[in-house]
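Starting off, we have a lone chain in the form predicted alone, written out as structure tokens.
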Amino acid sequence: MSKTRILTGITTTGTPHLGNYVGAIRPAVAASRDDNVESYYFMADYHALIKCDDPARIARSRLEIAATWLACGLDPDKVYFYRQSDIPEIPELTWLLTCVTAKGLMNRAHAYKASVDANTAAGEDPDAGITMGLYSYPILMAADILIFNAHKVPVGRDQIQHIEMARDIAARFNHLFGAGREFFVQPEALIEESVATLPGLDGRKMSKSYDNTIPLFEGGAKKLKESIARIVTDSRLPGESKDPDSTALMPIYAAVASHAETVEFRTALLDGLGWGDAKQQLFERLERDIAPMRARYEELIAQPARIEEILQAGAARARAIGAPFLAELREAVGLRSFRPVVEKKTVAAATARLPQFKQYREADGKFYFKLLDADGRLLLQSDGFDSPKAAGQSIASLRAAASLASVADGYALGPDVSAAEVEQALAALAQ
């Protein structure tokens, strides 16, 4: 039974707060552990350029968000975790899709219409300040989804239209170029009605636009405690019964605590627990969950090169799926090689008979590679490397040298294999 492919885009503007964790990150990480699902999580940094023209903010946000998701438990070895901008197949597919998308469809996009309506109401030119990025945003989103043929895409209700547009665009491409083949599946919007929306310090929805957020990791425990102290409460004194539903303390506590803990906290408020003590209890309960993740976050954020390695490895895995598929799409629209099909098959057959390197990661976290002959026999096995880049550099050195004598130690010959056989294989690859 094939797995369901679920694709989640992560906006890369701003610093994640507690509301982001409870409403999006925590449920997504939990969903990623489903063995029946193939999960794709990408940082939508091309999309961020539509909303933000501050390069420093874009760069910092990408780092913070990647570190946050990893610290919160996303396992890059079990999911596809990558930056949108590291997958060149996405913008190329965007253009292929743009060429089959009706302008009238884009005219109906909610974000574009809202901007036009705002300009008209202000007496401005209808398209004042509207970029082609904003206008064609739904096509880029369609490419994000269709390059991996995602079956389901978790979105808010305000994004349902974009999934419907992706379906329309996919159907149009299939009709024009499929010749009986359905290149793209029809993606479905996955609306999670139960996703928690936390109130902020003033009781309204927690949002940076209201400046009422509680930080997740930023500022450490001190900033977390200070933010909780600012949550609005009434003037009832310690000993007086409190209305648990009159303050943001209750739903925030309930979002992280067990049912039994939540009942106990509510009862304590009804019995007269002081607001100061209630805020201290909320801080302690949050800190119990957040402190271990914060420690991991601080470790990651101090090693941006390590985060880069993880994202590059994720991009390589994603491109291994996207690049061959895009090659098929290029062929379908007529962007074909001038070499005869027979010649391409001959070249492919010859390539298949060559020795080949296989790179992989073991449970110890190290990256390894092995050299196999044309029949799959092990010729050479490497020691472990700390990064895929280091392993790749060693492969490149072996290819260039075509001689074991000129390369540093760190390799073991396969059973009953001579150095001469390995060098013969390397020479074949160099031709």
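Throughout, we count residues from 1 along the sequence that is shown. A quick note: this is a predicted structure, and the numbers were derived from the prediction, not measured.
Absent from the display: the form predicted together with a small molecule. The rest refers to it.
Every residue in the set Gly9, Tyr137 and Asp144 has a non-hydrogen atom no more than 4.5 Å from the small molecule in the model of the complex.
Checking 374-382, 45-53, 389-397, 64-72 against the small molecule in the model of the complex, the stretch whose residues place heavy atoms within 4.5 Å of it is 45-53. Val155 is the sole member of Leu300, Ala315, Val155, Ala255 with a non-hydrogen atom lying within 4.5 angstroms of the small molecule in the model of the complex. Just one of Asn149, Gln159, Ser115, Gln359 comes within 4.5 Å of the small molecule in the model of the complex, counting any heavy atom, and that one is Gln159.
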